[in-house]
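Next up: just one chain, as structure tokens, the form predicted on its own.
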Amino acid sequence: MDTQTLTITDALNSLNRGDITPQNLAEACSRQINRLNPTLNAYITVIPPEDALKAQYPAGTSPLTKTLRNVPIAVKDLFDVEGIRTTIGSRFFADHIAEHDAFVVDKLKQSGAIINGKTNTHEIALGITGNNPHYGTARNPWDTQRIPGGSSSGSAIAVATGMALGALGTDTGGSIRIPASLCGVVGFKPTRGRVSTRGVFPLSWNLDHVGPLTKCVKDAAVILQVISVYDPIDPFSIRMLTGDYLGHLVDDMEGRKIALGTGEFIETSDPEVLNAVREAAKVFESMGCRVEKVNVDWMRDAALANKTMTQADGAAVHRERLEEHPDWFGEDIRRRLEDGAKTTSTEYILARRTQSEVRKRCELFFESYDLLLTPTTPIAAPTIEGHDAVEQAGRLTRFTAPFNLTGLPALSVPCGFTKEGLPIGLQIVSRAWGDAKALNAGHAFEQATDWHKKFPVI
């Protein structure tokens, strides 16, 4: 069984027909983990198939739905899974055992999903390389000398290689979309407040999002349907009508007005990335969409404000640990937290002002356009060696971070490859609560192209 190419939808169909058994599927993913994890370091904690199947739901009970029944799903090691350690990629939490499931993990279990492990993350989720000094360096399956992106590094690797059929990640400045882009998979950051963050260790109480990483947009819609349930206990969860993400996947794209981001801020991207995104825009034109070039240089200030808030918020979350054991943090994380701790109230207030201004700008922007297209990242995956992690964070989050600041839904889908054979990601952004519209556009793009059907040979 080739789990690397197997989508969630195809797996569910095979399971329902009896072509494969839950045990077969769980063991097939486990074999991929055993074969590849020593090299790629996607998982911090692996849950063996027999244990994962037993923990699927309590003895004598059945899942509340069959939406993801018997589908192996990986979760980033920021999410609490009852009885399993949650390290957040940190030395501080190496032995922390979760007492309860995170809200979204509980929803996955209620849908019948099998949690097969906790994936590697850049330390405390504050970084995009996946170079973790405590749990090892995560490696890109397309080229093991390159970074997979982060901080949801292991989740993207697991999906790209079939160690799991889907995964959960978190996104504070691009941590779902960046690894999705660099590893050639789909990553979706929903509207802030759409998915509960309760039971997920925070980096920023103001900017964190939870979302899926999958092989295709339809799979992302399936997972989002399961986890986007209002959580009355989570202070950041917003009560909204549950979206029909699957139902709207096949909506007609004809007549949609799409903005193609341009301007100096975008144009500094690698020419191969720019060309792939321009070709993607032509695909939408072939569907009958009206594509218009729009200067988005305003994204620069939004990205800088997001950086200020992320580092200051992270320093607040980890204030006691930073004071008591600064040496327990990796060098790049300590630098960023110390910079965050030095942020003045004036600097933070100005960043919040920028946040309000950019939110209003986007609100007005999406009165004229249905969608915005940009590169997900300005470059393909850089090498692990020879780069400063803090500088890389600023470079790779430049197009993703603005939409954490605004809280808008943003999707990354594969849209091409460099001459070196590295994946390129297209970012599709929609208005607040327009999650279904972004997914619809991504699905339509997939139906017209084959980029999402290419997998690393490893």
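What you see is a predicted model, and the numbers here were worked out from it, not measured in a lab. The first residue of the sequence shown is number 1, and the count goes up from there.
One more form of this protein, predicted in complex with a further copy of the same chain, exists but is not displayed; see below.
In the predicted complex, is there a heavy atom of a further copy of the same chain that lies within 4.5 Å of any heavy atom of residue 95, even though the partner is absent here? No, residue 95 sits far enough from a further copy of the same chain in the predicted complex that none of its heavy atoms falls within 4.5 Å.
Close approach of residue 235 to a further copy of the same chain in the predicted complex, 4.5 Å, heavy atom: Yes.
Examine residue 131 and determine whether its closest non-hydrogen atom to a further copy of the same chain in the predicted complex is within 4.5 angstroms. Residue 131: no contact with a further copy of the same chain in the predicted complex.
Heavy atoms within 4.5 Å of a further copy of the same chain in the predicted complex: does residue 91 have any? Judged by the heavy-atom cut-off of 4.5 Å, residue 91 is well away from a further copy of the same chain in the predicted complex.
Look at the candidate spot formed by 319, 350 and 353 and say whether a further copy of the same chain comes within 4.5 Å of a heavy atom in all three of them in the predicted complex. Answer is yes for this spot.
Partner-proximal stretch of 81-89, 146-154, 243-251, 198-206 relative to a further copy of the same chain in the predicted complex, 4.5 angstroms, heavy atom: Single hit among the candidates: 198-206.
Exactly one of 368, 344, 286, 268 has a non-hydrogen atom within 4.5 Å of a further copy of the same chain in the predicted complex; which residue is it? If I apply the 4.5 Å criterion carefully, the residue I get is 344.
Work out which of 363, 292, 297, 272 lies within 4.5 Å of a further copy of the same chain in the predicted complex, going by heavy atoms. The residue from 363, 292, 297, 272 that makes the contact is 363.
Heavy atom within 4.5 Å of a further copy of the same chain in the predicted complex: which residues of 301-324 qualify? Contacts from 301-324: 309, 312, 313, 315, 316, 319.
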